[in-house]
Structures are given as structure tokens and as C-alpha cells.
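Okay, so here's just one chain, in C-alpha cells, the form predicted alone.
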Amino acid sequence: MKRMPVPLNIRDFSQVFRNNGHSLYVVGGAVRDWLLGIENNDWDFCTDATPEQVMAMFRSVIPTGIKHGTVTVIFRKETYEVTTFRTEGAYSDRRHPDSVNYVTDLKEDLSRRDFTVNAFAADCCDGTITDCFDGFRDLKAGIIRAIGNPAERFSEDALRLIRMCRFCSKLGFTADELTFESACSLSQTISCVSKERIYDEMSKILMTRKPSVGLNMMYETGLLKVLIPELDRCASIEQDKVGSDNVLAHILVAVDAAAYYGYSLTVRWAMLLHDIGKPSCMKKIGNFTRFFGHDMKSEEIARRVMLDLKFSNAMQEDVAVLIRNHMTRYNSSWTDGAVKRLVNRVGKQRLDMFFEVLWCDRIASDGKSGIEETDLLKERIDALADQPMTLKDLAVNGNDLYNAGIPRGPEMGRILNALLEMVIDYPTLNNRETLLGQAELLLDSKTSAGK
């Protein structure tokens, strides 16, 4: 019998339940990951005590999800989310049960969970692990299998469709045949799930060690076609790249490269969407396929996708800028002004991510050849670091212009950008007196032209 080590504070927490005639178990992913030797500090608990009984045992209890039997207990300055054993009624919205019924049998509670490898329970007093659905067998075989009838499990909660892909990606597992077939047949139901949850699950897939496993499963099951049809379409567009025979395959190699080097979620989303516009830009020229303007088209489509998936405004802008500039190809003939204008377009705060995107795209396109070019560009930017490149580098700002009599608004923005263009080419002019004088001249010239 396997026993999971239980921290002292949790054992003491569990003892309160036992002293009151109840049991407490840690369930799901924490147990699974311990069995696999994966670190996991996100523990969920279940008990045969009702929420009211739990609230009677402890001084500080927050009814965070009491409608579904969940409360959050504060014990010795730690918070523990505890859910009462339950069975569930129908899922009218394919996401949440219409009703729950409290039960006292652990197996009944575990039977409502999604996959066998997520249905372990460890007693919080001695760590004894309960496995009612052959989860040990599936862990050993590397299989994600739905508990009971997979069509019923997916019909109850459509989010489980994408969770299947995530667990395969995270654990390096494959889906059980019947579970996979059910997911394919029910893929359209993923549209019932909120966009916020879709974003969250896809982000978790992207943050695994090999995101292509989960993303490719999303494609194979039809989930990708429902959620991001423009990305799904990339699989039908042939393209000659290293290890790739179509655009989607190239994209997945690029995403895996970002994961391999441990790059941020922003960079991984940028790699997932960086070529999404290629199907709309494809041109056949003799025996060659070209994708003219796909960087701009990809940015346009990516903005729509990110808006739909409820990205934060800041992340939308970061990903869009990275995609718009991912086709940057540097050579030594560039002037200093050209280098500085690139920095202004990308933004100094995004330079590290910009280079990561260039590297991942080059790795996915040509192996590692061509990376030297981006390294030379980075060295060139570093050498110009003390020179003005962005509006923030100007020796004057909007307040200075306003105090000099220039009204706030579009005209002030035009003047600031004109000043930046000037000092990019002539950095010695970046001083307050010169810039204020030039600003007044620009305003006067605009006024004269208007008259």
C-alpha cells in the first residue's frame, strides 16, 4: 500500500476533523504528481463533513463555493480549500452541475472526477492512498483515461476536453482510445466553455515542457478548429521548413523551442500565433510558395484571437508587436538610425522577448543557422544603448512642451515624434534648449501652413 508523506501542519489540520468524527483527504493532482515525482504545492481536500460542520470546527472559514460544497478554512495562517464528498446532478450548461448531493462514501465522490489519474485520494492523517479506478495502472502505462463512460464525463463538463490535451502535454501521456474518440465526437461542445477558461487551459498547455503534444491533440480532436479556426487552417498549407511540412507543424516546432529554452508565456503565445496569417497571404510563384505580408496579417488575426480569448490589454500589445516584427532580418549595412528605429518600433521593454521570438522562428525554420544574425543585431543595439531611441529618451516630455505653450493632443504627439526622428539621426541635438526651440518651429510651421 502506497503512502504519501503529509506535512505536519496538514496532519494537525486533519486531526481536527478526526477529533470531530470525520475524515479528510488530499485529492487529485497533488497525489498524482507525488506518485510521478513531480513537485506540486497545490493541494485540494475533500471530507465527509458538510460545509456547516466544517464551519463549526474552525474559527475562520470563508464560504467560497458553498453552493457546491466548498469552503476555505484558515488554519494556523494557512488557507485550505475543502469540499464535501458529493455526487452531482445534470450539467445543463456543460460546465457546472445543476445540483449537488452530499454523500459520506469516498468512492462515490471520486467517481465524479474526470480522469483515473486524477482520482487518487490520500488520507491526511497517515498518507494512505486510495485508488478506486485503476489510476496506478494508467500512470504506469502513461495513459489519460476518463472515469467510466468518457462521453458522459465530457458531456458533463466540456472543459475536460481541453484538460485531456493538457494532461497529455504536461505528463507526456497518450489518451486512451475510447476517451480520445469521445473527445473527437464532442469537440464542438467546447464552444460552451467561457473564453477565460479556454485561455487559462491553453496557457497551461503552452507552459508545459513540450506544448506541441497538447496542441497537436487539440488539432486532431477538432478542438482547435472550433476555438482558433485560422490556426487550424495552417495545417493545410504546405511549407518547407526544418522538421515541418506545413505551417502548423512549423508553428509547433517554434512553440516547442520557446518551451525548451524556458521563455515566457508571452513569447510562447507569440510563437503560436506568429504565422497565423500565412493561409491568407499564400501566393504560388512557379514552384515556390510565398507569404507576402504575412507578418502584418498575422498581427491582425492574432489581435482578433486575443480579444476573443480575453487577453489582458498589456499582453495583447506585447504579442502583437512581437508578431509584427518577427520577420526582421538584420544585415551589417544597416545604419545606426535604422537600428534605433527598430528599437523604437519594438520598445526597449520588449527587446529580450523580441530576440527570443527571432531565435525560435529561426530554429524552427533553419535549425540554428541564421541565429548569428540576430546575435549581431543584439550587439549593435547594445553598442548604441546610450543614444536616444524612444520618446522616453528625449530630453523633453509632454509637460515641457505644454509649459512652452504647445497644447496637449494630436499636435503635441506629432511634434514629439518629429523631435525623436531628428535626434535618432543627430543624437547630439538631444538637449532641452534645442528641442524646445525645434518644437516651437514645428508648431509655427504647422500654424503657417494652416493659414
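Start at 1 with the first residue shown and count on from there. Keep in mind that what you see is a predicted model, and the values were worked out from it rather than measured.
If you look for the form predicted in complex with a small molecule, you will not find it shown, but the lines that follow are about it.
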query	finding
Among 334-342, 357-365, 110-118, 306-314, the region lying within 4.5 Å of the small molecule in the predicted bound form by heavy atom distance	110-118
Site test, 324, 348 and 350 vs the small molecule in the predicted bound form, non-hydrogen atom cutoff 4.5 Å	no
Heavy atom within 4.5 Å of the small molecule in the predicted bound form - residue from 318, 157, 256, 299	157
The small molecule: the contacting residue among 210, 233, 380, 197 in the predicted bound form [heavy atom, 4.5 Å]	197
Non-hydrogen atom contact residue 163 with the small molecule in the predicted bound form at 4.5 angstroms	yes
Partner proximity in the predicted bound form: residue 42 to the small molecule, non-hydrogen atom cutoff 4.5 Å	yes
Close approach of residue 250 to the small molecule in the predicted bound form, 4.5 Å, heavy atom	no
Contact test in the predicted bound form: residue 219 vs the small molecule, heavy atoms, 4.5 Å	no
